[in-house]
Structures are given as structure tokens and as C-alpha cells.
Ligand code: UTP
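There is one chain below, alone, in C-alpha cells, taken in the form predicted on its own.
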Amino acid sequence: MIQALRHEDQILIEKVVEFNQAQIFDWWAELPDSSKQNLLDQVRLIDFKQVQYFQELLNNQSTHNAPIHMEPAEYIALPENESSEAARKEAMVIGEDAIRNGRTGVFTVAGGQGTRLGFDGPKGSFPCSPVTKKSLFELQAERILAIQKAYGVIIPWYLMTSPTNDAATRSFFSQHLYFGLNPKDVLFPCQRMLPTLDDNGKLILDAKDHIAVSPNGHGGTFLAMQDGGVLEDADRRGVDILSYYQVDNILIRVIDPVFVGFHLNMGAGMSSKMIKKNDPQEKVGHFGLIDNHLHVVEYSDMTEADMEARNPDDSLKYEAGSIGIHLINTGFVREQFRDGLKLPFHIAHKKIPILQKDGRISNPDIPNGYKFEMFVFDALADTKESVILEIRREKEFSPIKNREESDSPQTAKQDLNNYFGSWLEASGYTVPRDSESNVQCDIEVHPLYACTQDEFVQKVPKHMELTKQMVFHPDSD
């Protein structure tokens, strides 16, 4: 029997053995006391009943996608006539009033590393703007500053980190003096970690004194809001609507008054933005109604027939793609905890570094273990009212996820250039484009110079020579 010096530690060891996970102590005899304590401190945080539940999930995995009995969800489409344009203008008035009255805050999912981009650091610190190479964090901070100036209000910014990048994220903000924001208005709630399991349902070691863990998914948002003091801080400020998005979207509108207005007008608890899918196989989730409850079904959980299903007019039956942009009421978050958080766990088969029997760390080429995640959009099923608002992809959605090809730094840079290039064209300039209509110069517009195309058109000089690289900064006035 493995022995510990303290009685409370011995009880902990016996608990691990009781749950058939004693393999985590295979190196116990050779560990120094400090490493033994590190391992026990980690074990102390593990909910072994939850681990048993994860094992049951693994045992009950279906080998085939079941047919989805889902109906497409209704959404607010892009304006096609004066009536729908008027509805958006009305929503904007309502939303701007809420922003001006300090009811809105920003919640950013920023727990990821830039590993897939070949970048060593938090993904939010990745340099991505076309000319000045500003980070994602800086671009978003500038947009928050512009909203604060436009509406005469303080916008709190809550950035959900993970234990993997929390210290580095805080340090990055400190080094850059919070990009002009007041540090008191920037909070870093940290999401929880969950243990990983191998094919046999055993805890995985990635060091002799460490169990391999992974973040609990973007559904960990609700726990992070509770753990990290977000709800209390929001209440103190009078904030009751949080604008939620993931940090890697270079085109994100950190707060959209039109979206806020529709959300409030509907009396919604949680709302979403959507894009129409480019093609049936696009890897985005799908909004739909299952048993009259709103859901987002992942593309990987749909059959080929469902993905390709068409309406009589040949449009896709499931065309509303989820892009991870939501509005969430703080009251709705509290409702999620009323009877205990019940978001389901999803299983991801992943490549996980593992400690081999010879004491070396192996980085597998194929998936060798399982991570367990919650998805924030599963909470939509609990909404009584919810808005789904269609947006234009080219104006609001360009994620940086891959090192090359689609959703890469190159595509994001091009999308930003195309976006600002259209502003120049609206101002009367002829902007060079290639055969695929991509803008052929690098353009940056600081939000404090202009937040919208209309503002840009009014401010930009009327007789200006276009160059290969252009930066419109507040000092450009």
C-alpha cells in the first residue's frame, strides 16, 4: 500500500485506490516529498464521481450518428426591404440606450494557446493586424475604448483564461499597460480544468507527479463567471448583459447595439449571431429546434443526409451556422445554477502527451485519450425566449484557428483588408483588387478614428493618394 506522511493524505490515496486509479502512483517511491505533495494537491481537486461519469460516457459512446429529429430554428434575416431595415433601426435605438446606461459588458473566451499557429503564447497575444502587427487583445481593447468614448460609459472586460495561459495573459496586459483601459475594469476569470482519460478510462499522467488535464470547454464560462467574481462585479456596476465571443475572431464587434436591441426587445435570456453556411460541409454548428427547444448541433454529430438536406427552393434546410457569438443575461447565468449546473459533457478524442513506462514523455501522432468539455450553447435549450440574428460574414466573422489555409492568419488579414477596403470604396476611392476581388493593399483603421463606415466616410480626406500600406489613426486627423 502506498504510504503518505499525513493522515489526510493517506485518506486521499485510499480514495484513489478505491476508484481504481492507483496507476497515478506508479512513480511514488522515487518522487521527492515536494513532487508527492504536488500530485496529492492535484488529486484533491478531482471529483472522482465525475470521473466515473466520464467513464460511463466513454462506455456508452455511439459508433454512428443517430438521425436528428430537428427543425430549423427561426432567425432574423439580413434586411431585404424597408420594413426589416426599420426593425434594425428600432433595435439600434434600444441597444444604444442600454449601452449608454451601462448595462453591457464584454466577456471574451481567451483560454487557448497559439500552438496550432506555431506561436508560443496566449492566442489573444498573437500579432495579426496587417500593418502594425497588433495583437488580437489590442484590437479588441481599442474597440472597447471607442465604445466607451462614443457612449460616455465604462465597459468592463472579462477575459476567461485557463490555468495554462492565465499568468502569461495577465503579464501581457500589464506589459502593455492594459492598452489604455483602466486595470480595474479588466478581470481575468479562470476556467476550470478536467482530468483526461485513456481508452481504458484511466487517468493519464503527463509527468511523474502530474495528471494530464484540459480546460472544461467554453461551457466553463458559467462556472468561471461564478468562480471569478464576474457576476458580483457586473451587479456592482449595473451590468446585466454580457457580450460573449471567442478571442480569435479578428472582425468581432465587441458590442453590437442592434443585437442588444433585438435581444432586449424579445426579452431573451441568451441570444446568438449566425451566418449562412457557405456549403453543406462547412464545419460549424447548426441552430435547430429539438422537442421545441433551441439547440446547436455540431457538424460532427449530423449525418451526411442531414448536412445535405434541402428545402423545396433548393436552399439548405440547416443553413444557420453557429459562430460562437452570444448575448447572455447575468440573471440567466444565475438560473443555470439554481438546481446545479446541468450542461452536458461532450467527448473529444485527442492526442495527449503521456508518460511512458520507461519514464519518457510521448507525443502521440494519433488520438490516444479523451478530453471532456461543456459547450456554452447547450444552455440555449433552457431559454424561454432567444434571438438568432443573421450577420454578414465578411463584416463580422473571420477566426484565426489554423496555421495555414482556411481560418488562418493569412485569411484573417485579407478579410480585414477587404473590410476596410470597402470603407475606402464607399468614400469614393478606387481600391486595387485581384481577380478574386481581394483588396491588394494593407489597411488598418483605428476604432478611435472611425467605428463605422459612415463615420469613416465623413472623416477620411477626399483627395488622398492610396499606398500599399495605410493606417488611419486618431492622430491622422
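Throughout, we count residues from 1 along the sequence that is shown. Fair warning: this is a prediction, and the values are worked out from it, not measured in the lab.
Keep in mind the form predicted together with uridine 5'-triphosphate is missing from the figure; the text below concerns it.
The closest heavy atom approach of Q191 to uridine 5'-triphosphate in the predicted complex falls within 4.5 Å.
Interface membership of G114, defined by any non-hydrogen atom within 4.5 Å of uridine 5'-triphosphate in the predicted complex, is confirmed. Taking the partner from elsewhere, D248 is found to have a heavy atom lying within 4.5 Å of uridine 5'-triphosphate in the predicted complex. Although the partner is absent here, G105 is not a contact residue: none of its heavy atoms lies within 4.5 angstroms of uridine 5'-triphosphate in the predicted complex. Only one of 114-122, 231-239, 268-276, 387-395 lies within 4.5 Å of uridine 5'-triphosphate in the predicted complex by heavy atoms, and it is 114-122.
Exactly one listed residue, out of E373, D378, D407, D206, brings a non-hydrogen atom to within 4.5 Å of uridine 5'-triphosphate in the predicted complex: E373.
Between the options I144, I328, A224, A110, the residue in contact with uridine 5'-triphosphate in the predicted complex by a heavy atom within 4.5 angstroms is A110. Residues are counted as partner-facing when one of their heavy atoms sits within 4.5 Å of uridine 5'-triphosphate in the predicted complex; in 207-221 these are P215, N216, G217, H218, in sequence order. Inter-residue distance, N216 to Q113 (Cα): reduced by at least 3 Å in the predicted complex versus the depicted form.
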